[in-house]
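Shown below, as structure tokens, is a lone chain in the form predicted alone; questions about how it binds or moves come after it.
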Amino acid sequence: MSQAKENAALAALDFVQDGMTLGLGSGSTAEIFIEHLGERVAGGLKVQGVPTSKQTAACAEENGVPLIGIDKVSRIHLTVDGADEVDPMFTLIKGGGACLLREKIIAAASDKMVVIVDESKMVEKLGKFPLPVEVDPFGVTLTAEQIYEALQKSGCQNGQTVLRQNKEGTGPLITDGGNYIVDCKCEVIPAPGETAHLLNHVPGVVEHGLFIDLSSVVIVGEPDHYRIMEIKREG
């Protein structure tokens, strides 16, 4: 599996050009990309990165990739990030690493988003991977109930909600933005657009892990090769 991730990450480097401002994604595959990007920077490539998480920022600094704060950029040329699930229309579930809010802000501001995954992340229907929803800590129980109702209304097969705990097991996980994560066991999300629409209207929901119409390129790494798939997006 690690070689598959490596192959996807290496292929994504072909989309990077000198002078670009890059959105740097979070997660294990994105960090492999950052490590190889650092090698290119050491060889003379001039880029600057906008990290999607504190962990990503630390990885970039460790590998010599110059960083710039998001408030100081006027354009992000390319974002390279992983995903927890990808469907045939390149709709994604992201947020397994609890960075979905910042990942979505940066992806939406980018000219192009390239997603790097291994074959196990490709699915016909989203939902087997629990859908993360970032919520305000205030009234989280009430918010979770309304999230469940929204999932049921949009046709999800399950929708059970679980407040994500930190690694120490001492309380709720707190995101870089100071919020909580509610993981939703949907099983199948038959209409991601409708689910996203309903979640967007739940008070207390800061952001959800459905990334719709954001990625135009998906690179699928396999143990001995990779596949590049593209969808033309308007605008």
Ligand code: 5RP
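From 1 onward, residues are counted along the sequence shown. On a predicted model such as this, the values are computed, not experimentally measured, just so you know.
Although not depicted, the form predicted together with this ligand is the subject of the following passage.
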Problem - Partner-facing stretch of 188-196, 38-46, 25-33, 172-180, counted where any non-hydrogen atom is within 4.5 angstroms of this ligand in the predicted bound form - result: 25-33
Problem - Any non-hydrogen atom of L100 within 4.5 angstroms of this ligand in the predicted bound form - result: yes
Practice task
Although this ligand is absent from this view, report whether E134 comes within 4.5 Å of it in the predicted bound form, heavy atoms only.
Solution key: no
Practice task
Verify the contact flag for G82: yes if a non-hydrogen atom of it lies within 4.5 Å of a non-hydrogen atom of this ligand in the predicted bound form, no if not.
Solution key: yes
Exercise for the section: Considering only heavy atoms, tell me if K112 and this ligand come within 4.5 Å of each other in the predicted bound form. Expected result: no
